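Just the one chain here, the form predicted on its own, laid out as structure tokens.
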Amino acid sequence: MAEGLRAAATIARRDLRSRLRDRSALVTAFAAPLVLAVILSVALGGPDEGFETTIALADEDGGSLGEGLREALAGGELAEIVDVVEVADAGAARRALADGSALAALVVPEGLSESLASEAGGDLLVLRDPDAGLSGDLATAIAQGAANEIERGRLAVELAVAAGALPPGQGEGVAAAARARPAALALVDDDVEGGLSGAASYFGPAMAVFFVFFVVGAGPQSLLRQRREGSLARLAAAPIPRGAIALGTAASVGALAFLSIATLWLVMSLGFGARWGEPLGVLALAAGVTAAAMALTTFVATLARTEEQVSGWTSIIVFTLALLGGSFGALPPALEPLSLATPNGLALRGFVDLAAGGGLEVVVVPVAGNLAFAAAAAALAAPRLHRLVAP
């Protein structure tokens, strides 16, 4: 066992040095993800310059308040300047601001309508992109209008009770509830990183995740190339386990993938003000998606006969996962559950939640999901893995 691990470490060091001298590997791991991340961040993260805006509405409550906000946004002059994007929850609203598909958001928390009908009151959350001031002000004004409507209704009840317009028994109960809620609906403003820095906080991790698949996919392809060239036969003739060959190759591309993510993390943070969040959470997400990518590309390689087949099939699968996972922009709300069925979507959910200020708890599900994906793909690849290391 120890001898096999030493052999795998030697192979990993040799392969990593070789890849760091390979221009195509350097472009795939460092130049391409950085260039695409910058282009997408600049293109989609500019300031709000017009009088048209997009506001996300997350109605977690499903009650009358959410319906009233929906009607207000769709009615009158607002309908001409506001494009409403319905999202599932507050997390999806933050992601919409991060990737530039919305400039402000209104979040109606679950149970708010019921809370307003009792003595508890409640909060209506307004998410604002600081770089799009007019859009945030508009969202706040709409929410304030809803709060004023509720307050006017409460005062009307108090006046009706005072004037004796309600039956004594009913009026006393309504008035007591009204007095206990001097401000039934409170607005909670929350600035969410948006604009260029917000877009960079989204597209930096998005491009890192996207290119990880190409970086680690080079490992199985190199084994097929070595088999074609005959160098694998010479390596297999050495007194080392064949598993050490696969392990060493996997370790080299895994290390390169981590270097790729770390480089993008550093450049986007220092150059564009991107926020990736808790470092341990970032590393955990990077490890999870790298494992998933490695297992998937290895499985694809076990099905192919040539390097060209591996490259073609891998590209098709990776671009499909990237589109479904939101690497090039968030999916419509109806398709968002589909995004979470992909390694890209799981990892991006964790990165966005970290950037929004979440702690390590927000990465538990994404990391676990990617590790489960990796385990499933590895189990499918295991029966045919010998084809990659057989001379």
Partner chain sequence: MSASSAPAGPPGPSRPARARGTQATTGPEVVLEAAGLRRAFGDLTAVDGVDVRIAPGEAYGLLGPNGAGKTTTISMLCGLLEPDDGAVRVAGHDLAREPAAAKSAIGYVPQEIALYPDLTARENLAFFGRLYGLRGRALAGRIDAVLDIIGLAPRADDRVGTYSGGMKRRVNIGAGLLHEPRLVVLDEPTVGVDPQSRHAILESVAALSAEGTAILYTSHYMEEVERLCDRVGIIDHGRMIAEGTRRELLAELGEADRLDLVVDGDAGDVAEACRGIAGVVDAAAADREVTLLVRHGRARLAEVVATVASAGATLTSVELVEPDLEAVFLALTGRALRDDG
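Because the structure is a prediction, the values reported are computed rather than measured. Residue numbers count along the first chain shown, from 1.
What comes next is about the form predicted in complex with its partner chain, which does not appear here.
Peer 1: Out of L266, A236, L280, L303, which one falls within 4.5 Å of its partner chain in the predicted bound form, going by heavy atoms?
Peer 2: Here the answer is residue option A236.
Peer 1: Among the candidate stretches 289-297, 303-311, 224-232, 270-278, which one is within 4.5 Å of its partner chain in the predicted bound form when only heavy atoms are counted?
Peer 2: It is the stretch 224-232.
Peer 1: Taking its partner chain as it sits in the predicted bound form, is R128 near enough to touch it, meaning that at least one heavy atom pair lies within 4.5 angstroms?
Peer 2: No - in the predicted bound form, heavy atoms of R128 and its partner chain never come within 4.5 Å of each other.
Peer 1: Taking heavy atoms only, is R384 within 4.5 angstroms of its partner chain in the predicted bound form?
Peer 2: Contact check for R384: no, nothing within 4.5 Å of its partner chain in the predicted bound form.
Peer 1: Should I240 be classed as touching its partner chain in the predicted bound form when contacts are defined as heavy atoms within 4.5 Å?
Peer 2: Looking in the predicted bound form, residue contacts with its partner chain include I240, since a heavy atom lies within 4.5 Å.
Peer 1: Please determine whether I11 contacts its partner chain in the predicted bound form, using a 4.5 Å cut-off between heavy atoms.
Peer 2: Yes.
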